[in-house]
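What follows is a single chain, given as structure tokens, in the form predicted alone.
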Amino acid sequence: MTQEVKTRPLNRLKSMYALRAEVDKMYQVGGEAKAKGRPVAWVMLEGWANPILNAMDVITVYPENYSSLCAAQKLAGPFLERAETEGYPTHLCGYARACVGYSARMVELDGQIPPEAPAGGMPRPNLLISSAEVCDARFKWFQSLGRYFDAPVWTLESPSPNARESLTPGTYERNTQFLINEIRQFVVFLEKLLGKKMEWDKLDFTSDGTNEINRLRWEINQLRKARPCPMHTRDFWSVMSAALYRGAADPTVIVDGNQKMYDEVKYRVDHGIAAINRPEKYRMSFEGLAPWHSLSFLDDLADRGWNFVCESAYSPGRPVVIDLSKVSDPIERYVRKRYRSLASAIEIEFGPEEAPKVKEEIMREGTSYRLRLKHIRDYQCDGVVLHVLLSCRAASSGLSLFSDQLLDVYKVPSLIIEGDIIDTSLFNPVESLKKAEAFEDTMDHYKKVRKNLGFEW
């Protein structure tokens, strides 16, 4: 009698593997470049510096991504412990703690990459590019690396107005001019540091490549609205690093990889192929940063028919095409290609009928539930997992309000899972799975509620 072989819960995209390999290649290229005397920058994910550094032939690596990689391979623990011995509290950002522990270990080895570092490790930086976006830990974290490396630190500022301020007349143009000035100063700094001039054609090439990558990523996400959903959140997280943390100047490989992914996802939509090898019982959204150390938890949920069809973090916005034929300044052209007003984003996302209501609500309340919950409606989610992080206030502080609004407006319930992005000791997969099993009754109940109220799903 032959034993039945059970299929894996997730139906992974084949095109994912090549893009995922580009992330490991980034660290390999960084190590090789350092050995040849080329400048290497440690960079925060902030959206503006990467194409500029690539155009200046600076090799870039990303500590946030590297901390995730260490966590995924269950190798972050020693670096977290080392950060604690260096005096950093355990409630500090997990990305920062792992990076600090890694840096302290590197100094201990006279600047050499720790032998236990996965994927070849991060080479010693010549330059540190930080950002003040999102949370207070970010720029202080890179300032603190001055304890370990004799490397200049540049904090690239960008405006972060609230929603109401963003719709105030004149704000968009003031922010645009602020960014132009900041990036101009950054380019001057790099030119002096590296002893070479910016090649503006290269900047156009790298930034256009970034825009094309984001366009493809957005179109892929639109395909995920299909039933059954053809692409799972795990595949999205596996490939987003190749798009956001690009180490090389030529974006062609990433563009081609995302085009192949679009073609594969489109094929699945056309042929009704799901991202999970089980019936799609529940369509889910993952809100917050990923538990990089325990992604297999999502496999356990897929085994129960949970298909994660969208997520709040790292998703690209709808592409905007602007006529820049009359803009001669390459830095202004660079900014205006990528920085769009909230007003135009709302008009594009919601259309002429709903956009005025969204704007009115923002000006009255300071925010808009329509804007905040739109992806739950668009992807017709049955439930939401809220990943509450001890070490990230920025990603967790608004989740309670999100949950309340979601249930009130769309009758979609939320499941709170406490954990962390890097520290595996803060996440209990057995307990979380038990909570998820019980949560299914809640989702079944609200499916009936939505049906009785005449919702589309």
Partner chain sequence: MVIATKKGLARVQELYQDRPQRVKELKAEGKKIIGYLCIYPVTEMMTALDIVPYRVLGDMRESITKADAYLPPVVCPFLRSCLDQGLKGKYDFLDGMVTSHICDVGSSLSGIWHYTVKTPFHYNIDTPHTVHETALNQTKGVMKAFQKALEDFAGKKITNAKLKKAIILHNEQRALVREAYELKKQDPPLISGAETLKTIKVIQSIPVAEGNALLRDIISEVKTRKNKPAKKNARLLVWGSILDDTPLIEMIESLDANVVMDDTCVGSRPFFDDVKITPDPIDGLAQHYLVDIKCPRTFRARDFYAAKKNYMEDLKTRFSYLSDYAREWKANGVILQSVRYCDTHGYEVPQVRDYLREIDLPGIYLEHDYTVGALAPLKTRVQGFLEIIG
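Keep in mind that this is a model prediction, so the values were computed, not measured. Numbering follows the first chain given and starts at 1.
The following text describes the form predicted together with the partner chain, which does not appear among the structures shown.
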Q. Is there a heavy atom of Pro152 no more than 4.5 Å from a heavy atom of the partner chain in the model of the complex?
A. yes
Q.
Under a 4.5 Å heavy atom criterion, is Phe350 part of the interface with the partner chain in the model of the complex?
A. no
Q. Quick one: is Asn221 in contact with the partner chain in the model of the complex, heavy atoms, 4.5 Å cut-off?
A. no
Q. Is Phe139 close enough to the partner chain in the model of the complex to count, meaning some heavy atom within 4.5 Å?
A. yes
Q) Going by heavy atoms within 4.5 Å, which of 62 to 70, 390 to 398, 46 to 54, 24 to 32 lines up against the partner chain in the model of the complex? A) 390 to 398
Q | Tyr267, Ala274 and Ile346 each touching the partner chain in the model of the complex (heavy atom, 4.5 Å) | A | no
Q. Though the partner chain is not shown, can you say which of Met363, Ala313, Leu295, Val107 has a heavy atom within 4.5 Å of it in the model of the complex?
A. Met363
Q: Scan Arg318, His91, Lys197, Arg227 and let me know which has any heavy atom within 4.5 Å of the partner chain in the model of the complex.
A: His91
Q) Counting only heavy atoms, which residues in 142 to 179 are within 4.5 Å of the partner chain in the model of the complex? A) Gln143, Ser144, Gly146, Arg147, Asp150, Ala151, Pro152, Val153, Trp154, Thr155, Glu157, Ser158, Pro159, Ser160, Pro161, Asn162, Arg164, Glu165, Arg174, Asn175, Phe178
